[in-house]
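Only one chain is given next, in C-alpha cells, and it is the form predicted alone.
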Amino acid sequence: MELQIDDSVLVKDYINGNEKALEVLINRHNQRISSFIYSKVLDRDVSEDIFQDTFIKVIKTLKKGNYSEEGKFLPWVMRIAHNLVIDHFRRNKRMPMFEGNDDFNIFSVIGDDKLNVEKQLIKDQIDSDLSVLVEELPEDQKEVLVMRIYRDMSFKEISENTGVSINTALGRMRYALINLRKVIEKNNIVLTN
C-alpha cells in the first residue's frame, strides 16, 4: 500500500519549487472544498470561481512565504474559501455590510434578521473547522454527532435511524463530545509547539 505524503510535506515541497506538490494537494482536497463552497452559494459557476480564487490566494500566500500553519493545511484553505464566500455575498448585497475593518463587529449589526446572519457566519466558521476534527471520531460517535448537530434530529429520531436505544444514542453523543474536546485540545497543543 502506497503511503500518503503528509500535507505539510507537500506544502514544503511546493514552497521549495515542486509545482506538482500543489496539484496533489488540490486533488486531495478538491471534493471537500468544492462541496463546502457549493453548500454556501448553491451555484455551480460561482462555486467554481470561488474555488479558483481560493487557490490563487493559497498560491500567493505560499509563494510569499507567509504560510505558517504547518500540518493544518485543510482548515487553513477552508478559512480562505469561507472568507471569499463572505466577500461574494457582500459584493452582491445579499448580506449586511459591516462597519470599519474586515473583522465582524457584532455591535454594528442592527435587527434580528441581520444578527442571525452574523450568528450563522460564526456557526459556519466553527462548522468548517470542526468538520475536519469530527472526521477523527469513531464512526458510531460521528454518526450520532452529525445527526444531532448538523441535521438537528432528536435522540428519538437518531435511535430509530440507527437501530440503537435512546440511551445508547445519548451515550455515543456524550463520548463524541468528550473525544471532540480531546481532539481540539490535542490540536491546540500541536498549534502552540
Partner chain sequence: MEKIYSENPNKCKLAKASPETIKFLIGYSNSLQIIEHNNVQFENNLN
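Treat the numbers as computed from the prediction; the structure is a model and nothing was measured. Numbering follows the first chain given and starts at 1.
Below, we turn to the form predicted in complex with its partner chain, even though it does not appear here.
K.L.:
Select from the listed residues 59, 166, 149, 132 the one whose heavy atoms reach within 4.5 Å of its partner chain in the predicted complex.
P.N.:
Only one listed residue qualifies here, and that residue is 59.
K.L.:
At 4.5 Å between heavy atoms, is residue 67 in contact with its partner chain in the predicted complex?
P.N.:
Residue 67: no contact with its partner chain in the predicted complex.
K.L.:
Might residue 161 be said to contact its partner chain in the predicted complex, defining contact as any heavy atom within 4.5 Å?
P.N.:
Because no heavy atom of residue 161 falls inside 4.5 Å of its partner chain in the predicted complex, the answer is no.
K.L.:
Are any of the heavy atoms in residue 48 no more than 4.5 Å from a heavy atom of its partner chain in the predicted complex?
P.N.:
Residue 48: yes, in contact with its partner chain in the predicted complex.
K.L.:
Is there any non-hydrogen atom of residue 19 lying within 4.5 Å of its partner chain in the predicted complex?
P.N.:
Yes.
K.L.:
Within 6 to 33, which residues come within 4.5 Å of its partner chain in the predicted complex, counting heavy atoms only?
P.N.:
Going through 6 to 33 in order - heavy atoms within 4.5 Å of its partner chain in the predicted complex - the hits are 14, 19, 22, 23, 26, 27, 30, 31.
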